[in-house]
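Given next, in structure tokens, is a single chain: the form predicted on its own.
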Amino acid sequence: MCALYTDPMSSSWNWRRCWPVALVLAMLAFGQPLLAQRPQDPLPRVHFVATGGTISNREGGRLSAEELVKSMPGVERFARLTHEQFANVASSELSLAQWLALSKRINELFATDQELAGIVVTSGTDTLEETSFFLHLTVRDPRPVVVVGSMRNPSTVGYEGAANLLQGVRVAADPLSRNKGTLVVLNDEINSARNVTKTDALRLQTFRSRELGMLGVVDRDRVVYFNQITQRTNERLEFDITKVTQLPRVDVIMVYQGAPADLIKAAVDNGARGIVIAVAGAGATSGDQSEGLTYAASKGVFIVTSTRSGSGRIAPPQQRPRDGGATDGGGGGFQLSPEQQRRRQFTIAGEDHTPIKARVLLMVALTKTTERAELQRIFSEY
């Protein structure tokens, strides 16, 4: 064979050209394979947990988790997919007890399967921002949880559910998605569950993170991140719901012109442990709501102020006592009445959380502490 590599102008072999053939012959002689076979890296494994919602609400019956998996074209190019049916209901029918069970199930999956890359959860869009934020606060693993949904049902022209689900799988499978908390993926856009909100009742582009901006996009070639949240997530979470069997009741009360106090009092009398007051602007109440909030404080009910405006931050009050007395905290220097001082002891600034997100955070926070200073710290860090 090496004769093929002999220099025709010389009687000696051209070893520079002949050595590959000699190497092959030696490998064959000693029974070695011609080429070392490198095993191909397996695709990341993603687990899909279906809860229902519009994404599965087909005329004549809801799509199952298995049917939703089959609806995704080309998913096998991105991940190895397993699935389970947790529930199959409208998002508004998902109970708080099911929230707890869902979070516990996700934490269990991560704890018992270290090879799992991430988890995708389907949800109805009406309450998707609440469910996803609850998972954002209670799943304590660095691997991503991705919540997806659709605005159109499978029987509608232009149904986008399969595409959203596929993009969610891609995000969950991507190593760059770790340590970003729970993510919401629709219309090729990646938003943080902390910031995202539903902004339109019908349009596909409904989920927005207001002026805070989305985290990234799912493009044809890859998942791209260009933003990051700085609040506590994943392994930095302090909430442990392992032994929690029931979330405390927290109600949301809207401020509007001439609003009565009796709605606040009714919430308190019916067992609310917290009230989120969706204030006008940066803190105004109306009617005799102030009386109702004082009543709530007298019963030991915590009050979180959050703006109804849709964006904007409610900052904690500054403690600037004058002559040893409590003040308004805003630099005005006027004395607070005993009732106002009592209310201040149970009032928490909601930071930039929308009223509906503030409710979720207060429910979770109350499973850990009933100290006002600690609750305020939690709202400032999450």
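Note that residue numbering follows the sequence shown and begins at 1. On a predicted model such as this, the values are computed, not experimentally measured, just so you know.
Omitted here: the form predicted together with a small molecule. The next part is about that form.
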Which one, V252, L237, A90, M214, lies within 4.5 Å of the small molecule in the predicted complex by heavy atoms? A90
Of the options Q289, T125, T197, T138, which one has a non-hydrogen atom that comes within 4.5 Å of the small molecule in the predicted complex? T125
Using a 4.5 Å heavy atom cut-off, indicate which stretch of 349 to 357, 336 to 344, 47 to 55, 65 to 73 touches the small molecule in the predicted complex. 47 to 55
